[in-house]
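Next up: just one chain, as structure tokens, the form predicted on its own.
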Amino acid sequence: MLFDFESMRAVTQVFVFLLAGLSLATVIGWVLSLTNKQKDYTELKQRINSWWIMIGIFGLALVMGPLVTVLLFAMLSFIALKEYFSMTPTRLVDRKVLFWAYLTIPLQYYWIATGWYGMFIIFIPVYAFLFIPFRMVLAGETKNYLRAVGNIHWGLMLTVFTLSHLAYLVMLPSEGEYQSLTMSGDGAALLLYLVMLTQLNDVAQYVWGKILGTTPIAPTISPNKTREGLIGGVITTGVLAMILAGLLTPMIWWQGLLVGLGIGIAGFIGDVSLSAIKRDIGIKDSGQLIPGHGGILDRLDSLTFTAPLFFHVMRYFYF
């Protein structure tokens, strides 16, 4: 054997299984494109290639340690906020205010890197939310003022505050616990557990919807989502969460089941919330950054709701 698999910590073992699954998907896509040339598998190939890039970046961040992971999510927040402001209408007079919105990103992630939880949890929903309307008042334009404030506030909440909970997950265990790299429940394992379950929940809801879906659950927002798909996805996510809980988190099986069910429901809410924004604006995707997936917000929408939920469960009950 090239390495002792049993001696690898849990997060690495699960990551290896993910790589194996993605390798299998790559082979299947390659075989399909060779055996059925009448059908176009370009989007499937683009999605698989994008997953390779995303898993590669994610794996690199995990290997490099918590501070690199914090920087990675700060960069993702910047891209997501830029994408959000690109797709939503912004008043010309508010262009200078956007500078202050972007400035919240390094500050929010600085609180995380230094472990300043008190400031992390109130900086955006209190101080930034009060300062930005004040700065907009100084611009002297009152037409559509309330709508403009709401637009910037929701952008910060969606792309900076909620996503920053992902970065804080890697800082949750004490430094001594993290350096041991052996304790199940370390920050890297928590992050992998949440991201993996959230993404698999999206896939499970899609697959169950295709197989059993008959009853639309939000026809005016996302016509393809069905009640059967939601229920099947939530149950699948709950079962997977229960199986992986003892390996990647401090939870026991029934706690993992409850958290998994919550992740399934929260992921659905995050998905339809972004769909509502896109339908309001009249666009299909938030961007074109990730081939086959759309924009970064299209890929992270479910995490905007699952990250705060999972983070606070972990922090208040286990750390």
Partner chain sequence: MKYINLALRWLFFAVIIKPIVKIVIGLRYQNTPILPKDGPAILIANHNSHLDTMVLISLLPLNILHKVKPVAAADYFLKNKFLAWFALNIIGILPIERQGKDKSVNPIEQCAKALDSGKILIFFPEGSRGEPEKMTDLKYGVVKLAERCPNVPLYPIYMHGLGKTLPKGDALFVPFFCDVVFSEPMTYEANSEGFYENVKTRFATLQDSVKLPKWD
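Everything quoted here is computed from the prediction, not taken from an experiment. Positions refer to the first chain, counted from 1.
The same protein also exists as the form predicted together with the partner chain; that form is not shown, yet it is the one meant from here on.
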For this session: Report yes if any heavy atom of L92 sits within 4.5 Å of a heavy atom of the partner chain in the predicted complex; otherwise report no.
Result: yes
Exercise. Is F99 one of the residues lying within 4.5 Å of the partner chain in the predicted complex, judged by heavy atom distances?
Worked result: yes
For this session: Answer for N224 alone: is it within 4.5 Å of the partner chain in the predicted complex, judged on heavy atom distances?
Result: no
Exercise. M196 near the partner chain in the predicted complex, any heavy atom under 4.5 Å?
Worked result: no
Exercise. Exactly one of T88, T104, T162, T236 has a non-hydrogen atom within 4.5 Å of the partner chain in the predicted complex; which residue is it?
Worked result: T88
Exercise. Taking the partner chain in the predicted complex as the reference, which of G262, G287, P250, G270 has a non-hydrogen atom within 4.5 Å?
Worked result: G287
Problem set entry | Interface stretch in the predicted complex with the partner chain - options 206-214, 154-162, 79-87, 123-131, non-hydrogen atom within 4.5 Å | 79-87
Exercise. For the spot marked by M75, N144 and R147, is every residue within 4.5 Å of the partner chain in the predicted complex through some heavy atom?
Worked result: yes
